Structure formats: structure tokens, C-alpha cells
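Read on for two forms of one protein chain; each stands alone as C-alpha cells, with the labels structure 1 and structure 2.
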Structure 1
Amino acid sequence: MAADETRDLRAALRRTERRRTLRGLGLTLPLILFTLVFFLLPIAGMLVKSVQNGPMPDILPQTSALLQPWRASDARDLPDEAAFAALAGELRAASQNRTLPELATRLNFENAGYRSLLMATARRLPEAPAGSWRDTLVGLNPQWGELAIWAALGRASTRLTDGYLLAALDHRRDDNDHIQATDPNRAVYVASLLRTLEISAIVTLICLVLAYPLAYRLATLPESTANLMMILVLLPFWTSLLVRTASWLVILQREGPINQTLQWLGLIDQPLELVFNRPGVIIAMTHVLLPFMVLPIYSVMKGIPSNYMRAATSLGAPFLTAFRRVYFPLSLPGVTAGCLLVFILAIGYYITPLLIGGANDQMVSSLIAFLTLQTLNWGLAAALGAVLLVITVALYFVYTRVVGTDGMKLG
């Protein structure tokens, strides 16, 4: 009898635990689906786009199949007559099917003249060659006798490519399929990436210098006063980012309040240039991101018992020594979490540098927007996004190795 009661009790416990698990899954399922659909899937799509080569294998399948072994052989001569003949026939079919512009746009990323070459050749193709298709195509345009155009077609003939990722790092493959640095006059992406990291690091450092004493003061004030000051810290969140950026544009201009006040105090003779340059970008970004530094540090400091400092000072340690040896190490999880959060947010900034910065202050996000909206080079834009993603993941990995996930407190 006792054994039967024990089995029944265990079965009831299992049912209760199963219901609790299903209830918990039901509560978290909407968040899981939201994260999957609006976060993980777009990131996966971006990563796929950064290595997806383009439409040539579908638009010119026979030509692509013939060029792949030619490219793999590291040939330094033009492909054989079969490749010329396949290209001529498929160019005519693609022109009739109206799929050629898509391919021409893809090849135009390799060289600005390839689109006009393909479109003009397709319009002028005869029904039959005058001798060989090689002589016919070269007669229509001498570029078909150059190795560069066939090398570009060969690079576009595969389903996957590393070309976009190489371009994002200012490298490319030459006509012999060897990796080499981009022409310095056209190498802009690494410089933009370094500029982004530099601005983000400066903004993070300034936010830390401003936020740490503020968070310390908030943590040591009475509850009512601290809550009132916290409202002032969170006040920027209640204003649109675009409005805040436009406000800084007015405040920092030559006739703005800052320059007028400095001139009235006699500190300057001429207005300072604070907009459309690096200082304006740093000032505006610091104002926007400062709360993201204050909140993690404050949350950690709030959990540090006040008697730790009193114990250290009662044992004879000066205040600065007690702060350095006791309080500051305990607040490091908040410092590192705040720096990580601010830096990651800063490297993706777009509106503030666009409105307040000059031509030499635009960050990677501006290039991504330009490639996506203006040139329609989504592959290169996705590659730049993938580089930023790698940097973000690397920073998070370093953070977890140094602090650990148990020390992460964001507020």
C-alpha cells in the first residue's frame, strides 16, 4: 500500500512539474519567437548575403559551368571558344528574358564599365558569328579580348564568394585570383572602420569619466533624492534621438548658446567650430549614451554594502586607499558592462554623425546606408555589417572571459 502511494505521489509530482514547464514555455514562447524572427533571422540573412555571389549561375548557367574549371586552373589566357559561344547565346537569351540588367548590376560592382559592356554587347549580337564567336565578341568590343573581364565573370560564376568580405577590408582578388590590397585611392572601408572604433572608444571613455562619479553620488544619496536625480538621468530617453541631435546642432553652431556664452565670458574672441566636425559628434553622442553608462554602474554600486568602506577607514586606510582597494574593484562589473554597452551602441551610430559630423567623421553605418540605398550593393553592405558583428561578438567574448556572465549587471 505504501509503495502504491509513493508511485502515485511521484506521478503527481511529475505531472505538476510538466505543467509548470509547459506554463513557463508558454510565457516565454512569444519572446523566443520575437527574438528568432526579428533578431536571429535578419542576422543570418545578413551573413548569407555577405557571401552570396549573385545571379550569374542562374542567368548564365552554361557560361558559369565552363568558367569554373578555367578559373580553377589558374589560367593566364582567355577561355576557349566554347565559353565565348556559350556567353553569346546566353547573353541574347538574358536580354530577351530581361534578366540581363540584374547580372550587369552585379558585375558593375567589379568595375563601373562592365554594365555598359554587357548591355551594349547584348544589343549588337548577331544571329551567327562572323568566323568564331571569340572574334565576333572582340570585334563588337575589344574588352572581350582582355583577361580582366573574363576574370570578373569567373569570380561571379560561383554561388558563394569572399569578394564582399575582402572588399570590406580593402582587399580584392586580381585577375589571377590572388588576394591583394585595394588601390589606396579607393581604400575607404578600413579607414571608416578605424574611425568608427576611435570615435566609439573616445565616447565610451568620456561617458565613463562622467558617469562613474555621478553613479557613486546616486548610490550614496538617500532613496528619495537618488530617485529624483535618476529621473534627470533618464530624461533623455523621453526625447526622440532625432530631436536631441537637431538640438545639439542648434546649440553647437557658431551663433549658438555655447559660443555666445564663451564670448560673453571673454574666454574666446572668435566662435569655435563645434559642428560638422569630430568634437560635435563626440559631444552629441556622449549626451545620448551617458545614461547607458550610468545605469549599469549605479546598479552594481547600489549592491555594495556601505559598511565595507567604513570598515576599511576604521582600520586606518585613507579614503582614497579604501576606495581604490575596496570599493572600485567591487564596482568593476558595472564599469565593464557599461563600457561594453556604450561601445557596442556607439559603433552602430548613424543619425548623429550624419547630421553633426563632417565628411571625415562619417562612421561605418553611413557607408552601409549608402551602399544599401544608393548603389544597391547589398552584398558589400552586409559584409560591413558582418565585420561589425564580429567586433561585437569579440568584445562580448573578451568581457565574459574577464568578468564572466555572473558579473553582468545592466541596470
Structure 2
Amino acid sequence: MAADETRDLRAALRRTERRRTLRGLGLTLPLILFTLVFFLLPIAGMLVKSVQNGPMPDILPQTSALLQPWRASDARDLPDEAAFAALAGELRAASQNRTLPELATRLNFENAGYRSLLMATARRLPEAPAGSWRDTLVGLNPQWGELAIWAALGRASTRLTDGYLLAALDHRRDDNDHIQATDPNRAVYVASLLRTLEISAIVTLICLVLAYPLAYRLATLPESTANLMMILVLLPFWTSLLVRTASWLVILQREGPINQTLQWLGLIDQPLELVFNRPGVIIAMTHVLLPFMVLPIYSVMKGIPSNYMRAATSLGAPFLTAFRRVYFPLSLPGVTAGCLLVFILAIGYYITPLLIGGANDQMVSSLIAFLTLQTLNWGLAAALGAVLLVITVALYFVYTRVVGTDGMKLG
């Protein structure tokens, strides 16, 4: 065959392949678009919310603008008369077009007394100042003469803020805009993140200890028996999470079967407190996540030829040595996959800790839900969500590197 003919053929082949790929991508496009709109965009929106400051630049535009140079100056004192005058005028306007409550909600996150301060000031604000606006406002409420109140206003005066992200990591900007650790009595978010990681790590470890021998047993049985037992592993996997949580509540309660049995055996006099505390959360989460550990380990173990172990033992290695030196290293990819998967799923848990745990067992997800639905502090909820997302994505990245997305198998 002539050289240019080969080249033609190669070019034609490449063209065909490219066309196939394009057609394939065309088929994938609907899902890509759908995932983009109904999954990625909402998450991006949440990330934006975590740095969005709030309505003050729109409600008090002039005051916000005047506060910028003041914030940039190092020696902090009260802002000048212009800022006081702008604030008085814009507060009156906000009170008239009913945007004041929105502003009050935002400023209340900075300083818990802000809502009443704003409302009372707006109600009693005179048409014209008695002397300077500064004296008038301070006369209405001495708080307007405090640096802290103005610093809070300053923090709310920009379009973007790092305040929520700092708060999610138990830090804040003080009255001079320096980053400081939050007062230890109010620092709850890092603790809840650490608690989330700790509970997830414990659950992952227990899952591994329980799943490994079971997976080994399943992998060394004849296929048909293993499949039958696999159905038992998969049953909880298919059962509603709420059903499983409800069962654990019933089992672990004071009059539940566990306490009854232990009392009947005479091992305890008083029923154990097993529910609304840490052990209850860990037991229930282990139960829910265990199948996710068994499946990857089992599928890796199934691929380990049985004659490797036989070869090792026939060469004189005791079982445990052969296991440690030959079988265990070969099963490690499954262990890694299972541990990463269980840990990733565990750090996002919400329902099980909420229903089975006590106040000190709540994970980060519960806090996010609480901030969103109860206190309506959406910025802080979004910031905590962003922190949780970063941890998850980092672990997921490791997972795809180590295991690959093909490693995700179901059943």
C-alpha cells in the first residue's frame, strides 16, 4: 500500500472516530444540561450566597459608600457628620418604603440588639437635626455613639463579605476589621465539623472491621451461596432510611429488646441509655453504611484467584502469614474504596443523627438545616455548606484518583 493511501485511511478512521464521539456527546448532552441546571447551578448559587453580604448597599447606598473610606482608615473613630446625615436620611426612606425590616434582619446577625435599635431610631427620627445629625442620633440612642455599632454597619456595607466563611470557621472581624477567633463560648462550628469527622471516622472503622470478614467469607464461597447471602446484605440497602432509623429507635429504647435481653440475662439492673446519645448514632449509622463497605471489598476479593493463597500455604507459610503477605495487600484496593465511600457518605449524614442523637451528637448537616429553616441565617448556612462541600469534593477527588468512577458499582 502506498504511503499516502495509508495516511488517507488513517485520516478517514480518525474522522469516523471523531464523528462517533461527537454523536455520543450529543446523546450525553441532555443529561449534562439537566445536571448543570438542576444540580450544579443550585450548588453554585449556594456558594455565591456564602459570600453575598446582604441588602444594605441597596437600602442604604449613600451611607454604604461613605463608610468605605472610613473602614480603610487605620485609626478608627466614629465616622464624620456626613455619614450620620446620610444614615438619618436613608433610614427614613427605608422606613417609608418598608425595606427596613430586611435591613434589620441582616444587621441583627452582626449584633443581636440591632433590630430594636433601628426600629426605635426610625420611629423617633425628627425631620431636621437638632444641631448636628450626630448629636441628634446619639441623643435618640447613645448606642449610635458606639464604635461597635458603626463597625457592624461597616461590615454589612459591602456587596461581598468573608464574614460568613469566617464565622463558619469560628472567626470574625472585630471592630477594627482584624480577623479574630470567635469567643470560645460561641464557637460551635469548628467543633461540629470536627465532631462530624470524628463520628464518620469511627463509623468507617467499625464498618471496615465488620465488613472485611463477611466479604472474605462471601468471596470464598461458591457463587450461588454467596449470591444468596448477598441478598441479605442488600436488603437494608434497599430499605428506606427512615424505616431503619425507626427500627433502631425501637430497638435501642429503654424498653427495647436489647435492654430486655440484657436485663433478662441479669447483666444489668437498670436499662442502659442507648438512644439520644453517641453510641446510638454510631450503631445506627454503621448499620446504614455497612453495605457500602461490603460491596467494594467483596468485588475486589472476588477477583483474587484462590490459588495464590494455596501457593503461599503450600510453600510453608502459616495461614496468617500468607493472609498478611498475599491476600490482604491484594484486597487493599477494595478496602480503600469502601473506606473512602463510607466516609464521604457519612460526613453528609443528617437524618440519622438528628433522630437518634442527642444535642451533642449533631453533625454539620443538622446545623446547616437549622440555620436555613429556623434562624434563617442563609449566608452562614451557605458558608457551612461550602466548607462541607470542599471537604467532600476533596475526598471524592481522591476517590476518583484511587478507585476511578468505574469502581462505582451497584449490587
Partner chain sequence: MGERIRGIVLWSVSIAVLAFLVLPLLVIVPISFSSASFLSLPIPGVSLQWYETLLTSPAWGRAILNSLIVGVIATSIAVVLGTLAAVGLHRSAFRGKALLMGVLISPMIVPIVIVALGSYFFYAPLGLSSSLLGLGLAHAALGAPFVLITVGATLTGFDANLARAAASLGAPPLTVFRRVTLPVIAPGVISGALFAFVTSFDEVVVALFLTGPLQRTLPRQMFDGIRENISPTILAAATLLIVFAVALLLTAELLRRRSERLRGIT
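Because the structure is a prediction, the values reported are computed rather than measured. Start at 1 and count along the sequence of structure 1; that gives the residue numbers used here. We call the rigid core the largest set of C-alpha positions that still match within 1.5 Å between the two forms.
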For the form predicted in complex with its partner chain, pick structure 2
- [ ] Classify residue 376 as shifted (yes) or not shifted (no) between structure 1 and structure 2, where shifted means its C-alpha moves by 2 Å or more with the rigid core superposed.
- [x] no
- Item | Core-aligned C-alpha movement of residue 321 between structure 1 and structure 2 reaching 2 Å | yes
| Quick one: core overlaid, is residue 270 moving 2 Å or more at the Cα between structure 1 and structure 2? | yes
Cα of residue 396, core superposed, displaced between structure 1 and structure 2 by (Å) 3.2
In Å, the rigid core superposition gives a C-alpha shift for residue 17 between structure 1 and structure 2 of 4.8
